[in-house]
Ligand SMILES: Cc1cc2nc3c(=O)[nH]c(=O)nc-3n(C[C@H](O)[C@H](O)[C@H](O)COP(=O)(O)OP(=O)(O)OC[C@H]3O[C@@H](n4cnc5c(N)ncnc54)[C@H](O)[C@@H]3O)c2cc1C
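Okay, here we've got a single chain as structure tokens, the form predicted alone, with questions on binding and movement later.
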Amino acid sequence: MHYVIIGASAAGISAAETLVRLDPDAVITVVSREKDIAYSRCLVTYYISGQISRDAVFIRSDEQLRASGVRFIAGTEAVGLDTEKRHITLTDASAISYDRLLVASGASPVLPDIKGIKGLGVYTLRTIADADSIIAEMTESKAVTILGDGLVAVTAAMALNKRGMCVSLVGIAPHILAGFLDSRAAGIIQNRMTEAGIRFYLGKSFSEVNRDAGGRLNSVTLSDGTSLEADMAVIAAGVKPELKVFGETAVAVEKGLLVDEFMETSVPGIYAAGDVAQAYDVVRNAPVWNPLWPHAVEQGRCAALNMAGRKVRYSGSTNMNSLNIGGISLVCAGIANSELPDYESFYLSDNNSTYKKLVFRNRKLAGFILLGKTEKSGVLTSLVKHETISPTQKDKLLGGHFSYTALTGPDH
């Protein structure tokens, strides 16, 4: 049996290591377009900030990868797929045949169509190579403008601020982290970032990146005409699933590659996991693109189990985040920022240091936000993944009783 995996990040590494344990006699080949493999994208901004070393970003050492028995082909991209002949084509025109294929190719940064955006001083932030370039540029830069208002943009802003740079964050949304936070929780975090010296220009975008006669970045013009001095720009305007390899194939695609409960795509023998996959969401009860590291690890493991014939159903995922911004801890999961009429929002705490919000839909805990005090977030996350909760459990939650003991028992 020859298992081929496209991608060597969370899902790909998880799948490869699972297959080694399940089928030690199989041949396993992992292809990665990146030269650096088996590192955590979640730690890249910590590397930029100087909080950790470059080596600390990697989740597996070169020695561990060599000892695994897996064949790794790094720095080479899969550019073609023949589903009938069951082989992939690489950038050097060579082909690799497979019996089972896992697509864990991840996602790529979105680069908006903005005048002057391509050139010196403008960076995306997705890979460790991107981080290396930004760190090298920091020695010559003092002012950086970040385009984006999501998690990567916010954590990059804090990292560059920690390095002493003058940071401006420009985002099209009305508040930061709008993909998973409401305006109140986002406002508390934004206030802390403002206290650290970060400037915000929300509800705006770049209209032009301006350069001097030598092509060096010197400012950006915003959509409202505001001009911001900048000698570096970081584009963190979102990512999209990396789907180039599929071309005209019959593999079903929506936002990402659609997979069934066994992580298999519409083409038998081809599986998908991680940021490229669109899998079952336990809150929305539908296939949803949830590009998060923990989900990628679990999806990679589940896909590998099924590739090896174990027939294990994927339990599903939902949106969840855990972070610390400027000393403020935050954990949230599910749908916590919806204003739709069939969602009920309850606020258990709301001040400048703590914020607790629970969101219900019918008999289900649809989501929550814990900011400042995040104890018992594991209990709430577990409940979000449950199909229903009882009226007694709901009353206990609204009374602030988040413990497993309080939520179980004969009267739960």
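Heads up: residue numbers just count along the shown sequence, starting at 1. Source: prediction; values computed, not measured.
Absent from the display: the form predicted in complex with the ligand. The rest refers to it.
Next item on the list: Check whether A10 has any heavy atom within 4.5 Å of a heavy atom of the ligand in the model of the complex, and answer yes or no.
Entry: A10: yes, in contact with the ligand in the model of the complex.
Margin query: Under a 4.5 Å heavy atom criterion, is N218 part of the interface with the ligand in the model of the complex?
Written below: So N218 does not count as contacting the ligand.
Check: Though only this chain appears here, would M158 touch the ligand in the model of the complex if you measure heavy atom gaps against 4.5 Å?
Finding: Residue-level check for M158: no, no contact with the ligand.
Checklist line | Contact flag, V4 vs the ligand in the model of the complex, heavy atom cut 4.5 Å | finding: Residue-level check for V4: no, no contact with the ligand.
Note to self: By the heavy atom within 4.5 Å rule, which residue out of G238, G119, P294, G203 makes contact with the ligand in the model of the complex?
What the structure shows: Spelling it out, the residue with a heavy atom inside the cut-off is P294.
Notebook entry, point to check: If you check A26, A56, V379, C42 against the ligand in the model of the complex, which one has a heavy atom within 4.5 Å?
Noted result: It is C42.
Item checked: the ligand in the model of the complex: contacting segment from 135-143, 273-281, 326-334, 250-258, heavy atom within 4.5 Å -> Of the options, only 273-281 has residues within 4.5 Å of the partner.
Note to self: For the ligand, considered in the model of the complex: do all three of R33, S105 and R126 come within 4.5 Å of it, counting heavy atoms only?
What the structure shows: Yes, because R33, S105 and R126 each have a heavy atom that approaches the ligand to within 4.5 Å in the model of the complex.
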